[in-house]
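Here's a solo chain for you in structure tokens, the form predicted on its own.
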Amino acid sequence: MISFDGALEIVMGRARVLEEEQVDLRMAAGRVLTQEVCCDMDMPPFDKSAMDGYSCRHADLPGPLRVIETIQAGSIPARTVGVGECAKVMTGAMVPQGADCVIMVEHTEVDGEGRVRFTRTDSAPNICYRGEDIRAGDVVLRTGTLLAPQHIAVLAMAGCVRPLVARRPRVAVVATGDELVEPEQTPGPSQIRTSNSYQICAQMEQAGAQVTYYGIVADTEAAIDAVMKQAMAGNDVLLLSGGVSMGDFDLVPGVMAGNGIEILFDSIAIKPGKPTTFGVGPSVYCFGLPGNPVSTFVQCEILVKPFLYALMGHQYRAPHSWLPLAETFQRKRADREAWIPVECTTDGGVRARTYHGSAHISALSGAHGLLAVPQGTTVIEKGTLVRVRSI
């Protein structure tokens, strides 16, 4: 049995970035860049007005100023602003030559001859200057960026309409267990609906993977071997839930080895998820996950998801918060690192949820996050700042 940190180091050390492909800008959200993106022009590309107002010479304030033209966004000024003159400008419009400030329309009044007078004592320039945000040739996005909506805007600004991104990992999800039936079925005596299969699929899709669900497989070597061979032929990563513990019908590790997969670990000092298994084949990675849904959820979040992002060239960091513990946390055994579902309190703290173990999936549905309790720690006192991983 190895530590979780040791397991994570092994898993991440085996990740190799997948090949790249070009995608349309509108399909790039959630993908990982494999190129540096440079801007092809200054931004702003010209001195532009930050607001509706009058462009003029600061030295001429408070006026009066004669209006020589009106400039709307997208048009080019026809005249140069001279002494005692101004041009009415709209937000985003080009500032004409000769002007060095824009006075807000709200801070002006117009006299009977149509001349503009500034009603305040001073004005900021209110000009967005050419190149003040970005210069042509500047790197605006770097390799490994996980593209969110704000990055899509930057790509569009830079004219990068077919960015290079890493191919999405192809992930196979398999459930093992004679006791399992699909959710649309009514379980018979000694049966239970498979929940972690669909949970795993959703988690992997959330991480950007292309997921294929291979259904429920019986607890026989022949059945597991057949589906494993099928899944290995068309996927980068195999995720099998169930069949990895120490029972008579926990056959997954043996079938993995029989298909040329080198098992790098088969037990982690963590709760839930102790029997999590990881192996590598010539062209596939394979995770054997416990059958209980909380175990699979936690292991997918803290072990599998960072690995998938690494396959796309992105260093994943889960969102988290530091919050005070609202109630003292205690546990009897501390031989393993524990991940506990927690909920936020109305006064800004966090406390452990009622949690009955790795089969208690409903404890997660109302949780705000997970709290990692280090190996060897039995008590965390009320008021201690703890790191809560968002889920």
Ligand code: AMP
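Keep in mind it's a predicted model, so treat the numbers as computed, not measured. Just count from 1 along the sequence shown to find any residue number.
Keep in mind that the form predicted together with adenosine monophosphate (AMP) is not shown, yet the notes after this line are about it.
For the three marked residues, E179, R193 and G242, a heavy atom of each sits within 4.5 Å of adenosine monophosphate (AMP) in the predicted bound form.
Although the partner is absent from this view, T91 stays clear of adenosine monophosphate (AMP) in the predicted bound form, with no non-hydrogen atom inside 4.5 angstroms. In the predicted bound form, adenosine monophosphate (AMP) stays beyond 4.5 Å of every heavy atom belonging to A166.
Contact between N292 and adenosine monophosphate (AMP) in the predicted bound form is found at the 4.5 Å heavy atom cutoff. Using a 4.5 angstroms limit between non-hydrogen atoms, A175 touches adenosine monophosphate (AMP) in the predicted bound form. Considering adenosine monophosphate (AMP) in the predicted bound form, the lone stretch of 262-270, 193-201, 147-155, 308-316 in range is 193-201 [heavy atom distance within 4.5 Å]. None of E301, D225, D250, D100 but one reaches within 4.5 angstroms of adenosine monophosphate (AMP) in the predicted bound form through a heavy atom, and that residue is D250.
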